[in-house]
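Only one chain is included here, represented as structure tokens and corresponding to the form predicted on its own.
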């Protein structure tokens, strides 16, 4: 077999260049595949869709900027859906690096897309509290022991939305978006499961398998990785036609095209590599 056909000797710069081209093409042409939501994703969407206007949602964003690329599209999808249903949204985080993530989610979705949403009446940010699972346990029994002010420093009893809140049972659902500890697991074990409050989650693809045992009894549904976020966005587009307009940048959907083409290119290279190796061995056998 001629050496020039031996793929294992192929210059790695060629492979990097091929992947770059394959990724750039769907970005430039805005090409994406149709998403088919999994039962777990659809179950989360249907639960949020079934809640009436005015329902109280605790949106726990427990991740840092390092996981933002994978998790922020989930947070935005949850946020859009809750706002479409005219729910009361309560933001909080158990991560010290979480407050900027909350701020960006609000500035990217609520401020430009839902100008009628007003702070203190329709949404509020409780900010960050340390303590990990201990903080969740306190919220489960008496939220105001942990939070005396909101994320802006205003007394919690002076805010219309937070004045009647007592504990985790004051919420209709918890939506947890997390990258690790503390996160969804701690919310289930120390908060929602003892209180009997439904919880749905979005998390990184590597974290999802660790939380599958909680589904479907303690966890009503789970979004694992950017693929699941794209599936949730597909349900948003199906239910609310305005999201088919390109002016609404659905980030997870936009990323699935490049990711899919890159995976196909890698699979093709693996197949080609194995094929050329087999042909080379067959040639040596004949010789």
Partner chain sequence: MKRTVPSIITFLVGTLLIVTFFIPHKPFSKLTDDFNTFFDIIAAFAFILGGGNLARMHGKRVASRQAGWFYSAVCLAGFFSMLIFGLLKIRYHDGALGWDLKGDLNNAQFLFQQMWEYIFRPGTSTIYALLAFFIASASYRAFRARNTEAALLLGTALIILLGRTFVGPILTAWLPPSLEFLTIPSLANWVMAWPTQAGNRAIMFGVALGIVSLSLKVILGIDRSHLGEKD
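Positions refer to the first chain, counted from 1. No experiment lies behind these values; they were computed from the predicted model shown. Here, rigid core means the biggest group of C-alpha atoms that superpose within 1.5 Å across both forms.
Although not depicted, the form predicted together with its partner chain is the subject of the following passage.
The stretch among 126-134, 80-88, 110-118, 168-176 whose residues place heavy atoms within 4.5 Å of its partner chain in the predicted complex is 126-134. Although the partner is absent here, residue 52 lies well away from its partner chain in the predicted complex, with no heavy atom inside 4.5 Å. Under a 4.5 angstroms non-hydrogen atom cutoff, its partner chain in the predicted complex lacks residue 149 among its neighbouring residues. When its partner chain is considered in the predicted complex, residue 99 lines it closely, a heavy atom lying within 4.5 Å.
Mapping the unseen interface onto this chain, residue 144 falls outside it, with no heavy atom inside 4.5 Å of its partner chain in the predicted complex.
Shown here without its partner chain, the chain has 204, 209, 210, 212, 213, 214, 215, 227 in 196-229 lying with a heavy atom within 4.5 Å of that partner in the predicted complex.
Core-superposed comparison between this form and the one not shown: CA of residue 254 displaced by less than 2 Å.
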